[in-house]
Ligand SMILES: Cc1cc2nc3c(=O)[nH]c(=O)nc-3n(C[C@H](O)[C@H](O)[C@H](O)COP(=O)(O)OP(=O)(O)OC[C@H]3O[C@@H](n4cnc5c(N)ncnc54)[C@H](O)[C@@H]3O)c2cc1C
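Let's start with one chain on its own, the form predicted alone, as structure tokens.
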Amino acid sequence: MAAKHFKYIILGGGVAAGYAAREFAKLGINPGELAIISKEAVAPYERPALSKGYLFPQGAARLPGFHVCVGSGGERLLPQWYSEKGIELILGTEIVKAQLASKTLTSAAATKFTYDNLIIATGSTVRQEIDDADEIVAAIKEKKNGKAVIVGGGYIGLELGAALKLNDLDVTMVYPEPWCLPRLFTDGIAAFYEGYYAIKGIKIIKGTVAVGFDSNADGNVTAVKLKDGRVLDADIVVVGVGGRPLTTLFKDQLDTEKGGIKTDGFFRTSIPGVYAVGDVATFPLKLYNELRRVEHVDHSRKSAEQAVKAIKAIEGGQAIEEYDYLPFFYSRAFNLSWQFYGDNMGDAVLFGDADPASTKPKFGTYWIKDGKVVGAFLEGGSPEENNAIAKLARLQPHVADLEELRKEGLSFTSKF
């Protein structure tokens, strides 16, 4: 069977794929030039919904409600949008072999696809997919008022903990670290969220890990065994322990760095015509003059758009600006909502009302390195205040007195 040829192939069907497709359509493509190959059975959607709105007891998010690009306030791209633009969605198709030298991809069904330009947008392992979220929804319904154990205290663990509690489950979280989300949170920030979760009735067990599970004759889980010897009764267990970038298809074919595929500021890899975006890309973070890999939806969207701009600029013999990304993370759980911009290195200064028992808690943290503000975190901020901390993190103003900064708190942002 002859290979199917496309001028552009996007490999992966997550957030990055949808935003890349929109950028291609915006900059101009001919029908039949672009294909998205995804092992998922649905068109690209906003993945963050799966650990948030998808699990709500009332008014839950469902497809087609959260197809890209609604997560950033853009148009919702339904499957018919792709056909109208002449973009081929090749869904339910797993690529098992990539031969970059001959520009060939082979599927599990032995179908071959060739391309002129490839965008690798394969994401990470353990990134939730819609089937996983459906399983959790089914378990919530089946185990009404049951006991849920969440293994992991990162992003997904915290969001799922809140979602399961909202569904009236008895929730226990287990993680080995001394506090939740240690990659980002200081102990001071974490103390607020752990205290808030405790008030909501969520039990938190730190400093140990799950080492095994018990199940009944039907194969349903009944308990979680912890390394410290404790055994927790459980009707539902969700493991949310992060993932690794999916790059095995390209092993020994592309330059790698820091666990990802090494790219330049246009997301070009070491092979011409091959680009890598989102979770899999290790790219130059201009602001801090270092190579970094970022796992977040904001970077997935923006890196995908940058790669497409670069492809079209090369075709048109034009130049575009290098990617200049300000790291951004956010989360929402219960009535809480936080945003973080920049880098969490150096001395941390906690300000505001971080009492978990407050009716309207509002607090933040600045990170100071070499006398400059390099990062800022804010819980309970308005859109204007969140924009102000983002601006601060990019400007990196000098700070002489940390105690003075703590007293000034959020008002410090008004100087810039």
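Just count from 1 along the sequence shown to find any residue number. All values reported here derive from a predicted model rather than from experimental measurement.
Keep in mind that the form predicted together with the named molecule is missing from the display, and what follows is about it.
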property: Partner-facing stretch of 41 to 49, 382 to 390, 369 to 377, 351 to 359, counted where any non-hydrogen atom is within 4.5 angstroms of the named molecule in the predicted complex; result: 41 to 49
property: In the predicted complex, the residue from 184, 249, 210, 326 that sits within 4.5 Å of the named molecule by heavy atoms; result: 249
property: The single option of 116, 135, 94, 322 touching the named molecule in the predicted complex, heavy atom within 4.5 Å; result: 94
property: Heavy atom of residue 296 within 4.5 Å of the named molecule in the predicted complex; result: yes
property: Non-hydrogen atom contact residue 20 with the named molecule in the predicted complex at 4.5 angstroms; result: no
property: Non-hydrogen atom contact residue 300 with the named molecule in the predicted complex at 4.5 angstroms; result: yes
property: Proximity of residue 331 to the named molecule in the predicted complex, heavy atoms at 4.5 Å; result: yes
property: Heavy atom within 4.5 Å of the named molecule in the predicted complex - qualifying residues of 1 to 26; result: 11, 12, 13, 14, 15, 16, 17
